[in-house]
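We begin with a single chain expressed as structure tokens, specifically the form predicted alone.
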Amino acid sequence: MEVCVCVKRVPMVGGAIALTPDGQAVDTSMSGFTVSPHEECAVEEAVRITERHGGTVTVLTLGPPEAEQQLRDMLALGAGRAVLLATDGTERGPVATAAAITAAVRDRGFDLLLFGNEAADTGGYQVPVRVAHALGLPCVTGIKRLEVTPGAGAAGRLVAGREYRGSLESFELPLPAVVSVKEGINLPRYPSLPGRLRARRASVEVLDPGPAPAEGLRTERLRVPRAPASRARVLGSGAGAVPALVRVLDDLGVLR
């Protein structure tokens, strides 16, 4: 099995989100970077597949030169190869991103292309479907269960499952195929020390994706929604607050 997992370098946001002065992007000047959680699960799933059936996992990303670090993080988890489609760091929309990925994977003979269901920053949901359409491959999204049966030619198949409105759905697809997975399909492993050392020494293939094609889409402005206001009421202090506390608990029905 030759599996390619497409990942994205995204800001590691742990607090309030700040925007750049022009409102066109998230201000990442004080942020670290990581890989989207869905995509980390996709890498783990790919590694498990190759551990069972043999083969190699390739991780691929479209991003600035600094995204090499995220590729090495995935190599430390068990991926065998890494490909960086190097850009100047400007965010590309789903059309341009899918076009670059399609060109990079078209002739590499992958049996399975795995994506996260959506990136943690843009949440666009579009790239896996666009890549599948461009390559003429079957595609399923939102997957939380995956079983692969490798085989030569048309013999290879996979069964993918997901939950939808309280029902379990199952899909059977021929290989090669495109699948986007959701967080929760597995529990990603922690990188081992030998894995980290191997990732540090590994070579990363750097390719030029070319100029981004015109998409006909334009970001007008980003907006951070206001957080809901919260209010606290002081009931008192010490023993004097006990009667008021009892009344509050009684109103909530806790004492009934």
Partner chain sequence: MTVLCLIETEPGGASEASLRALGMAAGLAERSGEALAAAWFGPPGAVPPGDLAARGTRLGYALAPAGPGGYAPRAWARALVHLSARLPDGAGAGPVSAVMAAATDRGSEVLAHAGAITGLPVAANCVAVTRAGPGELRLTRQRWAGSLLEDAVLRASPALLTVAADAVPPADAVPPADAVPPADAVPPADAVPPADAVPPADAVRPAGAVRGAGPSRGPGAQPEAAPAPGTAESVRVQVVEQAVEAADLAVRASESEQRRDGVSLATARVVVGGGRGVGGPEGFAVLEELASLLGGAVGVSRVVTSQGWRPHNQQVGQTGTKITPDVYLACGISGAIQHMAGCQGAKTIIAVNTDPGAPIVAKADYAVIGDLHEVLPALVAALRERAGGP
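All values derive from a computational prediction rather than experimental measurement. Numbering follows the first chain given and starts at 1.
Only in words, not in the display: the form predicted together with the partner chain, which the text now covers.
*Asks:* Tell me, yes or no, whether G124 is in contact with the partner chain in the model of the complex, where a contact means a heavy atom of each within 4.5 Å.
*Replies:* Yes, G124 sits close enough to the partner chain in the model of the complex that at least one of its heavy atoms falls within 4.5 Å.
*Asks:* Given that the partner chain is not shown alongside this chain, does V129 nevertheless sit within 4.5 Å of it in the model of the complex, heavy atom to heavy atom?
*Replies:* Yes, contact at 4.5 Å.
*Asks:* Though only this chain appears here, would R81 touch the partner chain in the model of the complex if you measure heavy atom gaps against 4.5 Å?
*Replies:* No, R81 sits far enough from the partner chain in the model of the complex that none of its heavy atoms falls within 4.5 Å.
*Asks:* Going by a heavy atom distance of 4.5 Å, is P225 a contact of the partner chain in the model of the complex?
*Replies:* Yes, P225 lies within 4.5 Å of the partner chain in the model of the complex.
*Asks:* Of A199, V47, A212, V26, which one comes within 4.5 Å of the partner chain in the model of the complex, counting heavy atoms only?
*Replies:* Selected residue: V26.
*Asks:* Taking the partner chain in the model of the complex, which residues along 160-181 bring a heavy atom to within 4.5 Å of it?
*Replies:* If the 4.5 Å heavy-atom criterion is applied to the partner chain in the model of the complex, 160-181 yields R162, E163, Y164, R165, G166, S167, L168, E169, S170, F171, E172, L173.
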